[in-house]
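For reference, the chain that follows is the form predicted on its own, supplied as structure tokens.
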């Protein structure tokens, strides 16, 4: 196969990575943008979504599509409930102090990983794709499910944008982001908003994981790479900027796909980390972030 088809395949694989990464990073960006909390446990929520997807799919009889659809609904709901409980029981009691919440979310990360290891086991488990359509291009075949992942991620991101900009709940979230004390003075239940934002961010990570597991596998340590790449994307795009997060996810995802195809995945991570260093030095607010 010539260079052109190889490049096309790398770009398509990169788009799949970018789609999953965008969903995961948008959840992290929402939490930081509204709550000013650096959620180190975000990768654990991603992992938990994948583990629960496997568990739910195993207990749903019938075709694989039915089990996967049930997992797509049930797993994010469970992860969102766990995140809301963690916010209410832990982060709220710390008054969302930046240093304390970092330590607390690190502890939450280890707790969730250990719980997944205890109940799920150390083995990687596959989840069957809801359909096995394969598109035959002139140079190679490509999974129809991977194209579905891209389209599904776009639809979910558009829904998040509509929710944040066109609904009253989104307006309340943005008001709380601008000034928590003023929002509280106008009768907004800030604690409830924070619990909802933390749950929404975790649910987006879980949805990304459910979309990914038919391509990859669920494992109790699979949250490390999504967490690292999500931080890279959020820093490059601009802390709290949803538009910047999506653009940075496209840049990182596509470059990761191309570099991994022609060189190595390790080199892709090194280049992404170097890009973060350059952004922090020359444009600390990120590509689309506002200056403090």
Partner chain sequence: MLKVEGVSGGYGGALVLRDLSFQALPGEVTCIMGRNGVGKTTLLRAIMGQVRVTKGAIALDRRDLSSLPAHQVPLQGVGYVPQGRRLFGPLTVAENLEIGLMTRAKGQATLDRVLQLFPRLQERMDQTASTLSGGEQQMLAIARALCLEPKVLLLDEPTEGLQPSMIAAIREVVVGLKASGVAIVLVEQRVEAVLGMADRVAFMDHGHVAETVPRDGLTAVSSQFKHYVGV
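What you are looking at is a predicted structure, and each value in this text was computed from that prediction instead of being measured. Positions refer to the first chain, counted from 1.
Keep in mind that the form predicted in complex with the partner chain is missing from the display, and what follows is about it.
- Residue 185 belongs to the set of residues with a heavy atom inside 4.5 Å of the partner chain in the predicted bound form.
- In the predicted bound form, the partner chain lies farther than 4.5 Å from every heavy atom of residue 100.
- Although the partner is absent here, residue 181 lies within 4.5 Å of the partner chain in the predicted bound form, judged by heavy atoms.
- Within 4.5 Å of some heavy atom of the partner chain in the predicted bound form lies at least one heavy atom of residue 174.
- Note on the interface: of 185-193, 149-157, 68-76, 103-111, the segment with non-hydrogen atoms within 4.5 angstroms of the partner chain in the predicted bound form is 185-193.
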